[in-house]
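Take a look at this single chain in structure tokens; it is the form predicted alone.
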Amino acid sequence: MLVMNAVEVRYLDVILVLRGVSLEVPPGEIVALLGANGAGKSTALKAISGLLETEEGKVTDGSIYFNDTRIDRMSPEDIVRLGIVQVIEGRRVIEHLTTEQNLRGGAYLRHGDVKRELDMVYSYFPRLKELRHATAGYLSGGEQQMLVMGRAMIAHPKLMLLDEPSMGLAPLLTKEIFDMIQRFNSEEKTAMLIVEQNARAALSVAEHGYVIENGRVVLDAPAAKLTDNPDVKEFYLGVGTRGEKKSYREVKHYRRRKRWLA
């Protein structure tokens, strides 16, 4: 469904961020893209959605295809019309509008009964129905995350790009968000590419995963295999090679083993 082939991205024609990234998202599947801050995860999503052009970035090599249509040279508006929707990191709600007005904004390309689409979103997030007349800027962080996801879901995308959906959320809210991701994928057959630092949560719902470091994909495998990988355990799950818990400080300063790049 989505194929990135050796994609290189530069900002301002100078700063090289992605260095030959290749990945695939099959129809109806959830794929996780893991990596530390600055690894290039969000840039990969923006290369797919076309939002690079808003930040003076562009794909300078390689190609991106969606259902056999090349999209790396298309505008963000045309990419959305193909059925690709990105949920941007940081819970970007339109603060002065109500919850329901935000959701209706996500349905601007939909034709037909918007009320039915709203009911669909409210079935996934009942809390949003309770807050449908509340001003979006006054919602809590978790409620705003539900709102931006609902706004993407109401468009019934073929591919949803989720950028750090668990950022800043308490563990219980994180679990609720990922339960909804899994349920929506199962019921609507929407493919998803999830960028996430919470590797445990992402791999719990994904079929396949990629690990990106310094703009390069250094590892990819089925999610279950990544969960058992010693390096993923060491650097992303906080578990040592013998099963003991390691502190973030120990993991951060641990020198990566040579096999990581093998």
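Note that the coordinates shown come from a computational prediction; the quantities given were computed from them, not determined experimentally. Heads up: residue numbers just count along the shown sequence, starting at 1.
Keep in mind the form predicted in complex with a small molecule is missing from the figure; the text below concerns it.
The small molecule in the predicted bound form is approached by G38, whose closest heavy atom lies within 4.5 angstroms of it. Contact between E55 and the small molecule in the predicted bound form is found at the 4.5 Å heavy atom cutoff. At the 4.5 Å threshold, heavy atoms of L23 stay clear of the small molecule in the predicted bound form, well away from it. The shortest heavy atom separation between S49 and the small molecule in the predicted bound form exceeds 4.5 Å. Partner contact region in the predicted bound form: 40-48, out of 226-234, 58-66, 202-210, 40-48, criterion any non-hydrogen atom within 4.5 Å of the small molecule.
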